[in-house]
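Taking the form predicted on its own, here's one chain by itself in C-alpha coordinates.
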Amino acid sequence: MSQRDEPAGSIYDLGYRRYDGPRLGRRHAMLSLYLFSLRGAFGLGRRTSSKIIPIAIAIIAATPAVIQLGVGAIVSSEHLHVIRPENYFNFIQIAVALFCAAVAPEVMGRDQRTRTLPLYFSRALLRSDYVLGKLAALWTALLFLTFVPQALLFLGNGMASSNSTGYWRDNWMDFPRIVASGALVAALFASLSLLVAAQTARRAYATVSVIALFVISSVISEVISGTAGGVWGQAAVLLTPFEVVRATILWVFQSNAESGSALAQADLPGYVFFAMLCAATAIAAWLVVRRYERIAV
(Lines give C-alpha, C1' and ligand atoms only; values in the text may rest on other atoms or scores of the structure.)
Protein backbone atom coordinates (compact mmCIF):
# COMPACT_ATOMS: atom_id res chain seq x y z
CA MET A 1 0.00 0.00 0.00
CA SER A 2 1.41 3.35 -0.96
CA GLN A 3 1.63 6.27 1.43
CA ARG A 4 -1.19 7.94 -0.49
CA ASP A 5 -3.55 5.03 0.18
CA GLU A 6 -2.95 4.84 3.97
CA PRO A 7 -5.99 5.91 6.08
CA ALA A 8 -5.53 9.29 7.76
CA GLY A 9 -8.15 8.84 10.45
CA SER A 10 -11.60 7.56 11.36
CA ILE A 11 -14.95 9.28 11.62
CA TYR A 12 -17.56 8.01 14.05
CA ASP A 13 -21.18 9.07 13.90
CA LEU A 14 -21.97 9.40 17.61
CA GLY A 15 -25.07 11.45 17.03
CA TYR A 16 -26.42 14.08 19.47
CA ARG A 17 -28.02 13.15 22.74
CA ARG A 18 -29.69 15.58 25.10
CA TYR A 19 -28.77 15.55 28.76
CA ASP A 20 -31.48 13.67 30.63
CA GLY A 21 -29.94 13.75 34.11
CA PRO A 22 -31.03 15.86 37.07
CA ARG A 23 -30.76 19.64 36.79
CA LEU A 24 -29.98 20.96 40.23
CA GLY A 25 -30.58 24.56 39.26
CA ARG A 26 -29.75 27.96 40.63
CA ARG A 27 -30.08 27.18 44.35
CA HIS A 28 -27.61 24.32 44.17
CA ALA A 29 -25.20 26.47 42.15
CA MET A 30 -25.28 29.16 44.85
CA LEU A 31 -24.75 26.58 47.60
CA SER A 32 -21.82 25.04 45.75
CA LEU A 33 -20.24 28.45 45.20
CA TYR A 34 -20.76 29.34 48.86
CA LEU A 35 -19.14 26.14 50.13
CA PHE A 36 -16.28 26.37 47.65
CA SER A 37 -15.59 30.01 48.61
CA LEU A 38 -15.80 29.24 52.32
CA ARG A 39 -13.26 26.45 51.94
CA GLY A 40 -11.07 28.78 49.92
CA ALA A 41 -11.21 31.44 52.64
CA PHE A 42 -9.22 29.12 54.90
CA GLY A 43 -7.14 27.64 52.09
CA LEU A 44 -8.76 24.21 52.33
CA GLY A 45 -8.05 22.12 49.26
CA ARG A 46 -5.12 24.30 48.29
CA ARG A 47 -1.43 24.36 49.02
CA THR A 48 -0.19 24.63 52.60
CA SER A 49 0.93 28.24 52.27
CA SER A 50 -2.67 29.27 51.51
CA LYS A 51 -3.81 27.91 54.88
CA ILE A 52 -1.17 29.49 57.12
CA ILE A 53 -2.29 33.13 57.25
CA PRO A 54 -6.10 32.75 57.65
CA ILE A 55 -5.83 29.92 60.17
CA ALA A 56 -3.10 31.72 62.12
CA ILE A 57 -5.20 34.89 62.34
CA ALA A 58 -8.24 32.88 63.44
CA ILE A 59 -6.14 31.33 66.21
CA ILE A 60 -4.94 34.78 67.29
CA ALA A 61 -8.54 36.01 67.45
CA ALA A 62 -9.44 33.09 69.70
CA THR A 63 -6.41 33.52 71.97
CA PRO A 64 -8.07 35.85 74.54
CA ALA A 65 -10.94 33.38 74.97
CA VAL A 66 -8.56 30.44 75.24
CA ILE A 67 -6.50 32.27 77.87
CA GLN A 68 -9.69 33.03 79.78
CA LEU A 69 -10.63 29.37 79.69
CA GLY A 70 -7.18 28.33 80.92
CA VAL A 71 -7.08 30.87 83.72
CA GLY A 72 -10.64 30.03 84.72
CA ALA A 73 -9.68 26.38 85.06
CA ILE A 74 -6.99 27.09 87.67
CA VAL A 75 -8.17 30.28 89.40
CA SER A 76 -11.39 30.67 91.35
CA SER A 77 -13.91 33.11 89.93
CA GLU A 78 -13.61 35.33 92.99
CA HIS A 79 -10.08 36.26 91.88
CA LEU A 80 -10.70 36.13 88.12
CA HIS A 81 -10.87 39.20 85.94
CA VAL A 82 -13.52 38.29 83.40
CA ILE A 83 -13.30 39.64 79.83
CA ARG A 84 -16.75 40.93 79.08
CA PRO A 85 -18.15 40.02 75.64
CA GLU A 86 -18.91 43.65 74.80
CA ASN A 87 -15.18 44.39 75.12
CA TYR A 88 -13.92 41.40 73.17
CA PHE A 89 -13.80 43.20 69.83
CA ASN A 90 -11.24 45.61 71.29
CA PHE A 91 -8.81 42.68 71.55
CA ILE A 92 -9.36 41.29 68.05
CA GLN A 93 -10.11 44.30 65.84
CA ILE A 94 -6.66 44.25 64.23
CA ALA A 95 -6.94 40.50 63.64
CA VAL A 96 -10.34 40.95 61.96
CA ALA A 97 -8.98 43.67 59.67
CA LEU A 98 -5.92 41.57 58.74
CA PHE A 99 -8.13 38.55 58.08
CA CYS A 100 -10.24 40.61 55.68
CA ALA A 101 -7.13 41.93 53.95
CA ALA A 102 -5.76 38.41 53.53
CA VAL A 103 -8.94 36.56 52.61
CA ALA A 104 -11.13 39.03 50.65
CA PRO A 105 -8.72 39.24 47.66
CA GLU A 106 -8.61 35.44 47.56
CA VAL A 107 -12.38 35.05 47.78
CA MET A 108 -13.23 37.72 45.22
CA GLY A 109 -10.18 38.17 43.00
CA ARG A 110 -9.17 34.60 42.26
CA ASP A 111 -11.88 34.10 39.65
CA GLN A 112 -10.86 37.33 37.94
CA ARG A 113 -7.20 36.29 37.87
CA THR A 114 -7.95 32.82 36.50
CA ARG A 115 -10.63 34.18 34.12
CA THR A 116 -13.25 31.69 35.24
CA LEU A 117 -16.07 34.23 35.56
CA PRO A 118 -17.49 33.35 32.10
CA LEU A 119 -17.93 29.77 33.30
CA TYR A 120 -19.92 30.91 36.33
CA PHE A 121 -22.11 33.33 34.42
CA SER A 122 -22.83 30.90 31.59
CA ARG A 123 -24.77 28.67 33.99
CA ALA A 124 -27.92 29.14 36.05
CA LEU A 125 -25.98 31.38 38.44
CA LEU A 126 -26.84 35.07 38.12
CA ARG A 127 -24.25 37.74 38.73
CA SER A 128 -26.05 38.88 41.85
CA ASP A 129 -26.11 35.26 43.03
CA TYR A 130 -22.36 35.10 42.56
CA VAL A 131 -21.82 38.19 44.73
CA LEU A 132 -24.22 37.04 47.43
CA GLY A 133 -22.51 33.65 47.56
CA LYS A 134 -19.13 35.31 48.01
CA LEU A 135 -20.48 37.68 50.67
CA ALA A 136 -22.07 34.82 52.57
CA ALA A 137 -18.84 32.83 52.45
CA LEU A 138 -16.68 35.65 53.85
CA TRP A 139 -19.38 36.51 56.42
CA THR A 140 -19.36 32.91 57.64
CA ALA A 141 -15.57 32.84 57.73
CA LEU A 142 -15.53 36.01 59.82
CA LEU A 143 -17.95 34.44 62.30
CA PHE A 144 -15.09 32.14 63.29
CA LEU A 145 -13.35 35.27 64.55
CA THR A 146 -16.24 37.37 65.85
CA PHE A 147 -18.69 34.80 67.23
CA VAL A 148 -16.95 31.50 68.02
CA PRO A 149 -14.37 32.97 70.48
CA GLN A 150 -17.09 34.92 72.30
CA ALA A 151 -19.22 31.80 72.58
CA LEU A 152 -16.22 30.00 74.09
CA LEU A 153 -15.70 32.96 76.39
CA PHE A 154 -19.30 32.77 77.54
CA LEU A 155 -18.93 29.09 78.33
CA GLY A 156 -15.57 29.70 79.98
CA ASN A 157 -16.92 32.41 82.25
CA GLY A 158 -19.72 30.08 83.33
CA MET A 159 -17.34 27.21 83.98
CA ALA A 160 -15.01 29.50 85.95
CA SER A 161 -17.84 30.60 88.19
CA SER A 162 -18.30 28.83 91.51
CA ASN A 163 -21.98 28.45 90.57
CA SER A 164 -22.16 27.73 86.86
CA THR A 165 -25.92 27.20 86.79
CA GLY A 166 -26.50 30.49 88.56
CA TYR A 167 -24.10 32.30 86.22
CA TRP A 168 -25.84 31.05 83.10
CA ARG A 169 -29.25 31.78 84.60
CA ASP A 170 -28.25 35.37 85.38
CA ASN A 171 -26.34 36.02 82.15
CA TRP A 172 -28.21 33.96 79.55
CA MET A 173 -29.19 37.12 77.67
CA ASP A 174 -25.54 37.64 76.81
CA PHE A 175 -25.61 34.76 74.35
CA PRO A 176 -28.18 36.18 71.87
CA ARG A 177 -26.32 39.49 72.14
CA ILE A 178 -23.08 37.69 71.29
CA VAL A 179 -24.78 36.15 68.27
CA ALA A 180 -26.17 39.50 67.12
CA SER A 181 -22.97 41.47 67.64
CA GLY A 182 -20.82 38.82 65.95
CA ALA A 183 -23.13 38.67 62.95
CA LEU A 184 -23.24 42.47 62.59
CA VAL A 185 -19.47 42.86 62.81
CA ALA A 186 -18.91 40.10 60.28
CA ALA A 187 -21.46 41.60 57.88
CA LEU A 188 -19.90 45.07 57.91
CA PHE A 189 -16.31 43.91 57.50
CA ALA A 190 -17.22 41.35 54.84
CA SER A 191 -19.13 43.81 52.66
CA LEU A 192 -16.54 46.60 52.94
CA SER A 193 -13.54 44.37 52.26
CA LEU A 194 -15.20 42.63 49.31
CA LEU A 195 -16.16 46.01 47.85
CA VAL A 196 -12.51 47.02 47.84
CA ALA A 197 -11.20 43.62 46.71
CA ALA A 198 -13.64 43.49 43.79
CA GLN A 199 -12.04 46.51 42.15
CA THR A 200 -8.86 44.71 41.08
CA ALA A 201 -7.73 41.22 40.18
CA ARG A 202 -4.25 41.78 41.61
CA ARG A 203 -4.06 40.24 45.04
CA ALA A 204 -1.30 42.49 46.37
CA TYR A 205 -3.16 45.66 45.35
CA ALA A 206 -6.40 44.42 46.89
CA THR A 207 -4.71 43.46 50.16
CA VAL A 208 -3.06 46.86 50.52
CA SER A 209 -6.30 48.63 49.59
CA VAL A 210 -8.32 46.78 52.25
CA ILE A 211 -5.77 47.67 54.92
CA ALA A 212 -5.72 51.27 53.68
CA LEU A 213 -9.51 51.46 53.97
CA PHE A 214 -9.44 50.74 57.70
CA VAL A 215 -6.31 52.79 58.44
CA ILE A 216 -7.18 55.89 56.42
CA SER A 217 -10.77 56.00 57.64
CA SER A 218 -9.53 55.90 61.24
CA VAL A 219 -6.99 58.68 60.60
CA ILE A 220 -9.55 60.90 58.86
CA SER A 221 -12.00 60.37 61.71
CA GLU A 222 -9.41 61.34 64.32
CA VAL A 223 -8.32 64.43 62.37
CA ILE A 224 -11.86 65.70 61.92
CA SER A 225 -12.75 64.96 65.54
CA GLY A 226 -9.67 66.86 66.74
CA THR A 227 -10.07 69.89 64.49
CA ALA A 228 -13.80 70.31 63.92
CA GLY A 229 -16.22 71.11 66.66
CA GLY A 230 -19.92 70.77 67.18
CA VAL A 231 -21.95 68.36 65.12
CA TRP A 232 -19.18 67.66 62.59
CA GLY A 233 -16.75 66.69 65.31
CA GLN A 234 -19.30 64.33 66.81
CA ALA A 235 -20.28 62.80 63.47
CA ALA A 236 -16.66 62.15 62.48
CA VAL A 237 -16.62 59.02 64.62
CA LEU A 238 -19.07 57.48 62.15
CA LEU A 239 -16.39 57.44 59.45
CA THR A 240 -14.32 54.62 60.90
CA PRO A 241 -15.64 51.04 60.91
CA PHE A 242 -13.84 50.26 64.16
CA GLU A 243 -15.71 52.89 66.17
CA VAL A 244 -19.03 52.12 64.48
CA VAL A 245 -18.62 48.47 65.43
CA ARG A 246 -17.58 49.25 69.02
CA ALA A 247 -20.54 51.55 69.54
CA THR A 248 -22.97 49.09 67.99
CA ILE A 249 -21.72 46.29 70.23
CA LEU A 250 -22.10 48.50 73.30
CA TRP A 251 -25.61 49.38 72.17
CA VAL A 252 -26.50 45.70 71.69
CA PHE A 253 -25.21 44.89 75.19
CA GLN A 254 -26.77 48.06 76.64
CA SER A 255 -23.42 49.22 77.97
CA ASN A 256 -21.74 52.62 78.03
CA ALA A 257 -18.48 53.70 76.43
CA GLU A 258 -15.46 54.27 78.63
CA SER A 259 -15.05 57.79 79.93
CA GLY A 260 -12.71 59.84 77.78
CA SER A 261 -12.95 57.56 74.74
CA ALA A 262 -13.86 58.82 71.28
CA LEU A 263 -17.30 57.29 71.59
CA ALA A 264 -17.92 58.97 74.94
CA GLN A 265 -16.84 62.33 73.51
CA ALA A 266 -19.07 61.91 70.47
CA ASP A 267 -22.04 61.30 72.79
CA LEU A 268 -24.27 59.89 70.03
CA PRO A 269 -27.14 57.46 70.63
CA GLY A 270 -26.28 53.83 70.05
CA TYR A 271 -29.00 53.36 67.45
CA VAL A 272 -27.24 55.93 65.25
CA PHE A 273 -24.19 53.67 65.02
CA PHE A 274 -26.40 50.64 64.43
CA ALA A 275 -28.16 52.43 61.58
CA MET A 276 -24.80 53.49 60.15
CA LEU A 277 -23.54 49.90 60.29
CA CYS A 278 -26.62 48.55 58.52
CA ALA A 279 -26.55 51.30 55.90
CA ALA A 280 -22.83 50.86 55.18
CA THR A 281 -23.25 47.08 54.91
CA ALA A 282 -26.20 47.35 52.53
CA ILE A 283 -24.62 50.04 50.35
CA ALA A 284 -21.30 48.20 50.09
CA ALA A 285 -23.06 44.94 49.15
CA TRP A 286 -25.14 46.77 46.53
CA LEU A 287 -22.02 48.37 45.04
CA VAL A 288 -20.35 44.96 44.75
CA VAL A 289 -23.41 43.65 42.90
CA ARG A 290 -23.32 46.67 40.60
CA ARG A 291 -19.62 46.09 39.99
CA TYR A 292 -20.22 42.52 38.81
CA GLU A 293 -23.25 43.42 36.76
CA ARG A 294 -21.02 45.68 34.67
CA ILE A 295 -17.77 43.74 34.74
CA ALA A 296 -16.65 42.46 31.36
CA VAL A 297 -16.08 38.71 31.03
Partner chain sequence: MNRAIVELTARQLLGQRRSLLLVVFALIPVGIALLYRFEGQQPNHVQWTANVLGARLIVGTLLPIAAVIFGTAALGSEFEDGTAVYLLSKPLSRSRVVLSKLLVAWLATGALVLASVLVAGAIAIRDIPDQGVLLGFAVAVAAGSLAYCSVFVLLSILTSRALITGLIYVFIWEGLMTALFSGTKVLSIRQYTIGVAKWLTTTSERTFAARLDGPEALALMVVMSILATWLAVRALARWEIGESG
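Since the structure is predicted, the reported quantities are computational estimates derived from the model, not experimental observations. Residue numbers count along the first chain shown, from 1.
Another form, the form predicted in complex with its partner chain, is not on view; read the next lines as being about it.
Would its partner chain be touched by all three of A266, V272 and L287 in the model of the complex, meaning a heavy atom each within 4.5 Å?
Spot residues vs its partner chain: no contact at all.
Among 169-177, 143-151, 112-120, 198-206, which stretch has residues with heavy atoms no more than 4.5 Å from its partner chain in the model of the complex?
That would be stretch 198-206.
Out of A235, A56, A228, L44, which one falls within 4.5 Å of its partner chain in the model of the complex, going by heavy atoms?
The residue in contact is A228.
Going by heavy atom distances of 4.5 angstroms or less, which of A183, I224, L155, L132 would be at the interface with its partner chain in the model of the complex?
Going through each option in turn, the one that passes is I224.
So in the model of the complex, does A212 come within 4.5 Å of its partner chain, heavy atom to heavy atom?
Judged by the heavy-atom cut-off of 4.5 Å, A212 is in contact with its partner chain in the model of the complex.
For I216, is any heavy atom within 4.5 Å of its partner chain in the model of the complex, or not?
Residue-level check for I216: yes, a contact with its partner chain.
Please determine whether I220 contacts its partner chain in the model of the complex, using a 4.5 Å cut-off between heavy atoms.
Yes, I220 lies within 4.5 Å of its partner chain in the model of the complex.
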